[in-house]
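Each of two forms of one protein chain follows alone as structure tokens, named structure 1 and structure 2.
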Structure 1
């Protein structure tokens, strides 16, 4: 029939008219990202971090700076280190996630946030204080243990036990991290407080 193609076109547009627009009005509503989203802020668990600076070594851009100093804690096992400086320069970060892959103790995780615009460039440097204070919503990217627990970073907050690959029996440095049974074992000789 003459004009049937045109009628088809008009049908497409009129159907759109009565359909909900696909637009997501960003500041009010947000697109839900995947839980494996490599987001902006990093989730860092200080209790897990030994200050080994693997992340800094593996960073292709060299934007992570770690300064540590020996502390008085847990002297029996060799000194525990204070993390004095842990600067991540987000202005140059490309969110490759190599630092997260490199972390041997599962202390550093990608985040799930994507709204980190700052007015000044120096504000883009994440300092250790910021990392300490931040709510921990780690991405499940490169962290299968989180996915195994059905961890949803958009609803839950992680603690240092949730993010662990396995119970740290092999590293009973911080008894608080151990499961109840292991903790009793470790504190039986009275060395750990």
Structure 2
């Protein structure tokens, strides 16, 4: 222990003395996160949300609370609902992303921000007003088309068309969902070359 053991210990110390440190001084210096990182910031597109509460139904912890009231908009198509309450309790959220996958209209997305610490638990509840005002920086997780477009959620804000699910380009009956170049080649009967 005292002879060769001490020399081995000092050898390890000397080797590591001249290495570059791997830690950063947070919050002055921040480590760059992956664009697929799922953080505490939820992005919600109100224009897409119908108030169906699929996100709340599929949440394994039951942290999403939605209260709606009937609306006069789009009555002929089945009517929309006014979203009066859309609360997400971040204190209990495990960020599994099932609410995002369950949303049939792509209204809810995981965000990239992870600096959401608060002093009180009550302040960790995201209300509908906060979701409406919040900048839209969705994660590229579960959105491969965003990665193909080199979308950077840390530098760019997204719109509804950018974050929509990947369209089925191969579907012969949906030429409107084709890229512009393929749409020009579509024939009158809906088939495309």
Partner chain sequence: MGDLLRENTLYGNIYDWAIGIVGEDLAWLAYTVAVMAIILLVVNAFLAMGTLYTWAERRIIGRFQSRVGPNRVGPFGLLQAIADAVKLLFKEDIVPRAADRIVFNLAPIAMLAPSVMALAVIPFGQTSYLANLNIGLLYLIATSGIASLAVMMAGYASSNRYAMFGAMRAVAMLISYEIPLVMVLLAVALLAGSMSLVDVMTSQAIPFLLVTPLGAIIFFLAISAELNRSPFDITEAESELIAGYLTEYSGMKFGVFYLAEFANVLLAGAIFSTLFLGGWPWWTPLSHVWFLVKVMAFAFIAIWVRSTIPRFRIDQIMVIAWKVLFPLSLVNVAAIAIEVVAWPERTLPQLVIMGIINWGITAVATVAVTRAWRASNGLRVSPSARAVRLEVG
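Note that the rigid core is defined as the largest set of C-alphas that superpose within 1.5 Å between two forms. Numbering follows the first chain given and starts at 1. Keep in mind it's a predicted model, so treat the numbers as computed, not measured.
Only structure 1 matches the form predicted in complex with the partner chain. Superposed on the rigid core, the forms differ at residue 22: its CA is offset by 2.5 Å between structures 1 and 2. Superposing the two forms on their core, we find that the Cα atom of residue 8 is displaced by 10.1 Å between structures 1 and 2.
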